[in-house]
Structure formats: C-alpha cells, structure tokens
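Quick heads-up: it's one chain on its own, the form predicted alone, in structure tokens.
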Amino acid sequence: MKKLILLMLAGLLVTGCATQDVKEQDKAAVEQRDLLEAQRKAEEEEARRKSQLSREQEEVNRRLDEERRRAAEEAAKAKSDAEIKALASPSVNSSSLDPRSQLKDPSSAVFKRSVYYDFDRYDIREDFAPLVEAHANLLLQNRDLKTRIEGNCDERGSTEYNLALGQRRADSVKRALMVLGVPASRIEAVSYGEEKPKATGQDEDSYAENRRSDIMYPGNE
C-alpha cells in the first residue's frame, strides 16, 4: 500500500514539473513573438521615416532649382535691359554712317545682335523689341544691306525638336522686321538648333545664353 502511494506521489510530481515546463516554454514563445513583432514595427517605422525624409528632400531640391532658374532668368533680363539702354544711340538714325561702322561700334544700338528667349518659347520678349527695331532701322537706311537670322537652342530636347524650335525663333525675328517695313527678300531665317552654343555649361545661365536668335550681316561683320 505504501509503495502505491509513493508511486502516485511521484507521478503527480512529474506531471507538475512537465506542466511547469510547458508553461515556461509557452511564455518564452510569446515573448519571442512579441519581440519579433516589435522589431518588425520598428523597421517599418524607420522605412516610413526615411521615405518621408527623401520626399521632403526632393521637394526642397525642386524648389531650390526653381528659385535658381528664376534668378538666372531675372538676371539675364536685367542684363539685357541695361545693355539695350546703354547702347541707345542716335547714330542708328544717321544714314551717313557706314553699316559696318555701326555694327562694330560698342556705342551703337545695333552692336548687340542677339535676341534671347524664355525656355521652350520663340516669341520676342518686350525687352528685346527696341533691339529688333534698331536693326530694322539699319536695314531701312541701307537698302542694299541683307541680314541672316540664326535661330539657336540650348542642348535640352532632341536634335529634330531643337532645329524646329530654332527655326521658329528665327522666323519670329524675320516677321518682326517685316512688320517694321523690311522686305522679306532681304531677310534669311535659318536654324542651327543646338549646334552653335555661346556657352558650353550645363546650368541655367548657360542654357539662357543659348536660347537666342542672332542677327547677322554676311559680308559686313
């Protein structure tokens, strides 16, 4: 009888230990699962934070690029205004001057030959209207003088697109000269696309220098 009791007690003891071991294992598994879940959430949060920072940085860079572009265009416009005002001279109204002298005289209104454009545009800006008018007066005062308008673009865009845009820019100056009374037979309009850059850089200042039409006088340069 005593042996039976001892065997029963031993069985209960073993069962209790086994139950305790199972509980400990279950607790460890839960803790491990919770730890992995916490790590996963932390990694997802870190990924979201980095993505947000990347988007914010891209927006900052875009705004900076836009501000630099506007500043460059405003500077170019201010420079052109100053140059055109400085070059205003009654000499352009004097038919007694040889056209070559006027074209080479820095004080003459026709010394400057380039009409600049905004990005992807070909319409003549108001600040270049006096320059075009000065060249029209030169042509009207010298009936044998002919001009070639050379349209140019910056390097952005395909070769075909830039050739077409350069032609539209040259044609816009030709039309303006014709409106001012210069016969079409004395005006040639050609496009060089991106082939004749004034500036070789890849920044907005260089691009602005290359978006232009040059008013040339073959044989009188």
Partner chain sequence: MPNMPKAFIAAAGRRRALQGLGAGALGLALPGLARAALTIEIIGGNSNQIPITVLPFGNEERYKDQVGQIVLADLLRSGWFRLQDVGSIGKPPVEPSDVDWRQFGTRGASNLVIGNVVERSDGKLAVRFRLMDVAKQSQRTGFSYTVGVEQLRATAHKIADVLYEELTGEAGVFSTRICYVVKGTDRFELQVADADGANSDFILAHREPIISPAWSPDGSKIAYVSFERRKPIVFVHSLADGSRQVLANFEGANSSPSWSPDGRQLAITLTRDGVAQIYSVAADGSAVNRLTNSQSIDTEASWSPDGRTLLFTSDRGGSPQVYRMPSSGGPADRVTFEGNYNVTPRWSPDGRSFCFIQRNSGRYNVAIQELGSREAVLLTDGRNDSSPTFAPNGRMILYASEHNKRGVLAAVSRDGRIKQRFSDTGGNIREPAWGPLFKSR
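Keep in mind it's a predicted model, so treat the numbers as computed, not measured. Numbering follows the first chain given and starts at 1.
Not on display, but discussed next: the form predicted together with the partner chain.
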Within 4.5 Å, heavy atoms only: does residue 180 come near the partner chain in the predicted bound form? no
Taking any heavy atom pair closer than or equal to 4.5 Å as contact, tell me whether residue 176 reaches the partner chain in the predicted bound form. no
If you check in the predicted bound form, is residue 158 within 4.5 Å of the partner chain, heavy atoms only? yes
Contact flag, residue 127 vs the partner chain in the predicted bound form, heavy atom cut 4.5 Å: no
Counting only non-hydrogen atoms and a 4.5 Å cut-off, give the residues of 108-122 close to the partner chain in the predicted bound form. 119, 120
